[in-house]
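The data below hold one chain only, encoded as structure tokens and taken in the form predicted alone.
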Amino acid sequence: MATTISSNLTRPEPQALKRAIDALAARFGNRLVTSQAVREQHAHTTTWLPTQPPDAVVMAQETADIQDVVRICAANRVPVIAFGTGTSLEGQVNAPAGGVCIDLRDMNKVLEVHAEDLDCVIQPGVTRKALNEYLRDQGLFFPIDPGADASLGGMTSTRASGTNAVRYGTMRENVLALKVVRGDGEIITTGTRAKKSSAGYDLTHLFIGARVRSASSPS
């Protein structure tokens, strides 16, 4: 069986990449990592795809960090790749055109739990096992199980499912709202905790699974 991989990807201009990395170094200090070992760790997947490391990795700790990385990279036309735990099987964390990886593992807080409404507010780096451990003493659990201790941000981005989807649905049916950093660094909020709304476009479900589309159809 022959496999064809899209080749219409171009690396950023060397000077533009240098400007971006210099600006990121000034902003993040030692939270910007360019060592070969760390870069390869952020592109290794359990898939047939080869390791395709980014040019640098930024350890994000808050939403403002993500915004600044995106703004700097957008100004220099440098690709950005989000990284949760690296458990995906389809190469979504690979950097075929280089660029900057944003590691979200430090953004791992459960911000709010509304047990009476059966919902919670979390940061993207929270893993499903950590969330279930946090919810255990309240008699609640998060049902989506893709088979790995994936981050909830990554599970949303890839529209994760698993065997429990037969009863509880996939990530598509379990996410009410998202706070999204756009490609220009601005933030949009796609919904609220309300389970029913008829106001405007359903942007939440536009972003759920977006990484699956971008991984299979790079532009």
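All residue numbers are counted from 1 along the displayed sequence. What you are looking at is a predicted structure, and each value in this text was computed from that prediction instead of being measured.
A second form of this protein, the form predicted together with a small molecule, is not displayed here; the remarks below concern that form.
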query	finding
Heavy atom of Pro146 within 4.5 Å of the small molecule in the model of the complex	yes
Touches the small molecule in the model of the complex: Gly191 (any heavy atom, 4.5 Å)	no
Contact label in the model of the complex: Cys73 to the small molecule, heavy atom within 4.5 Å	no
Pro79, heavy atom within 4.5 angstroms of the small molecule in the model of the complex	no
Partner-facing stretch of 182-190, 48-56, 22-30, 161-169, counted where any non-hydrogen atom is within 4.5 angstroms of the small molecule in the model of the complex	161-169
